[in-house]
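Shown here is one chain on its own, the form predicted on its own, set out as structure tokens.
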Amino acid sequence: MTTILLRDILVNARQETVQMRHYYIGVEHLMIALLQIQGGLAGSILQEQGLTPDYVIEAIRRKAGKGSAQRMWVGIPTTPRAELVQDIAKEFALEDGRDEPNERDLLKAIVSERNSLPIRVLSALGVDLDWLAYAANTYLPTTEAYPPDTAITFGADFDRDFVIEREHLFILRRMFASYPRIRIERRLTGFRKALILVVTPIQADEREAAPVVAKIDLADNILDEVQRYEMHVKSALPLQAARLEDQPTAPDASDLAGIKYTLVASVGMDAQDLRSYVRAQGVDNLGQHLKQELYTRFCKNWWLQNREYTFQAWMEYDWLLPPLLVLDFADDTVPPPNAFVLRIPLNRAKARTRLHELQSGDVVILENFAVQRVDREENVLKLAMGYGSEADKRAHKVEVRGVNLTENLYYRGEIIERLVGRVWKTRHEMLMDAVHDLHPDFHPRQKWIPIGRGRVVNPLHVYEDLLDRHVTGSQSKIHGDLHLGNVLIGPNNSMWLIDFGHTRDGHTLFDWATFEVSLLGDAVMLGLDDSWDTARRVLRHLLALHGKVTPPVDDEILPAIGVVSAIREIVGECLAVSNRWEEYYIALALCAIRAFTWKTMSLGGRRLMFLLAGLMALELSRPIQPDALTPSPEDIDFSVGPSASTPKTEVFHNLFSSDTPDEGITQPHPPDASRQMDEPES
């Protein structure tokens, strides 16, 4: 049976005293709150005596009378008798080995005190008080009790087409149980499944508290975020920043939990995420605000606290990509002698070769993988490497479908010595599926993607090479999930960060690569069409950022590119080696590969991400030019394009020139499983 706690009862007691214009909490308000619990103990006992809860409530109200409209004091104090009753209830709870009193403790306390207004009303109604005291100790209700509900209303900016699920509403009411009413102002957008809302709590006397950001997600994710906040964020935030308020709300009866972020110095602020702001206001002056409001405020304790860090790219970026494998659980299968054994620690060179050879239905034996998440809703067991730094322990992901998670009780962090499954899809197949979803105007298996009179690399040919590259970079405290949805903007374009579920010590440029990807997909492509031609137009502007080519004259795109230019200026300050952009290009390439698989990004945005990944891979394939921000035109390998007589100063320009025809574009082909990834371009 549900146990209704005293703190939940006090919510209705406060609301009752405001409605009666008393503005204090007396025993009469506590008793009315008890009787308002649907299926509650007090109401059930009195109904045994033929008295409905509503009838008793009205009798108490008539006896108490209504107060004056003029308040004589501030706040809602508690009367001495009500304090005494609550103290008695707490003693009953302690005697029973509990820290917090519930509705039975409160009813027993009211009856044992015997001198309050509601007791006199009950006596006048003919209730046997000795019997009532006995029933308060022994009566077992036959119906489920429901706590008093916090009323929920919606602000003018809330999307009425969005439906908040019942379980989320339950968590939300528990999070704001001390308020009789809340108003949901807006939903903040994001890429993950978490529900993030701006909520204004409203007190019983209708006074509004400062808005907070409420986040509801799986309990494990919420508890992780709290731990990361305490470890990485709490001591490093500037004064004006989103701060975690109170302990997480994690009811035992739910798989969900919730946390609240208070926006310091933001009373009266109408918070909205940067994605919504850009869609409504555009990107004018956004670049300068990013540098002044976000970067300058956080860089001292975050991105500029960088330390030398040399690593293989997979250690920071492998977890971004789709899983290495998705398997169907087959633990009752006798593996054939040639079954592929994938074990931790992983021999990447050997695994890379074998993974490309695997086909649907092949048997795979997993050894020494750690449980990263148990997804009971989808019946999927998610595994990863399980050791190392914050990022690389999530590398080498494998998902196993069809595990009986009721009989097989896995817990997060558990090392699974052996598990057998059959291949459903490999990482490469999932990436190929994502490219097919882009409806390419080229064959998705060809090595080069035509752009104007030149070309970029097909990222499907090089992502494994990118992951194996060694990076000379730096490590600092990073947000870990920096995108437009996790930046709030308020009056005077002030900015706050929220959602610290991935905050960690990691590659310094990770944040800015993910943010540029978000900006390009959700802001630069905003208002543009989804065509491949438009994605190529935007790519020409990106190539021009470092001054090696003349930017195209395109008034539709240039203002938005200014924001990307501001991000590149920030990145320039954070590079481990001045003017050595390879460190950023590899981060941007891998983040862009991740992004073209996102269903939440527009089609045009995903097409641009595919081309951007190819451009960054092309940049990384050239010899390092110590004195140049981008490689020399001498190093370009054209399949079609300028003749040998073309002046070098024109080569980069012609590579992405908007006024040259797209020569040599391969027409789309139907999928052909017989074509190999290393097939030469026709």
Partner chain sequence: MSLQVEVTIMSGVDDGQHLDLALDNGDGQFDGRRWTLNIGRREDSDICLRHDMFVSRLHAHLHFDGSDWQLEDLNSTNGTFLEARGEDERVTGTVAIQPGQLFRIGRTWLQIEREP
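Numbering follows the first chain given and starts at 1. In this text, the rigid core denotes the largest set of C-alpha atoms whose superposition between the two forms falls within 1.5 Å. Just so it is clear, the structure is predicted and the values come from calculations on it, not from any experiment.
The same protein also exists as the form predicted in complex with its partner chain; that form is not shown, yet it is the one meant from here on.
Although the partner is absent here, Tyr387 is a contact residue: one of its heavy atoms lies within 4.5 angstroms of its partner chain in the model of the complex. In the model of the complex, at least one heavy atom of Ala64 sits within 4.5 Å of a heavy atom of its partner chain. Of the heavy atoms in Leu117, some are within 4.5 Å of its partner chain in the model of the complex. Heavy atoms of Leu94 never reach within 4.5 Å of its partner chain in the model of the complex, leaving it off the interface. Of the stretches 518-526, 78-86, 316-324, 457-465, only 78-86 has residues with a heavy atom within 4.5 Å of its partner chain in the model of the complex. Exactly one listed residue, out of Ala339, Ala124, Leu169, Leu129, brings a non-hydrogen atom to within 4.5 Å of its partner chain in the model of the complex: Ala124. Of the listed positions (Lys393, His428, Lys447, Arg348), a single one reaches within 4.5 angstroms of its partner chain by any non-hydrogen atom in the model of the complex, namely Lys393. In this overlay on the rigid core, Lys393 has a C-alpha that sits less than 2 Å away from its partner position between the shown form and the other one. The two forms, fitted on the rigid core, differ between the shown form and the other one by less than 2 Å at the CA of Ala349. Relative to the superposed core, Gly572 undergoes a Cα shift smaller than 2 Å between the shown form and the other one. Three angstroms is the minimum change: in the model of the complex, the CA atoms of Gly388 and Leu467 sit farther apart than in this structure, by 3 Å or more. Relative to this form, Gly388 and Tyr309 separate from one another in the model of the complex, with their C-alpha atoms ending up at least 3 Å farther apart.
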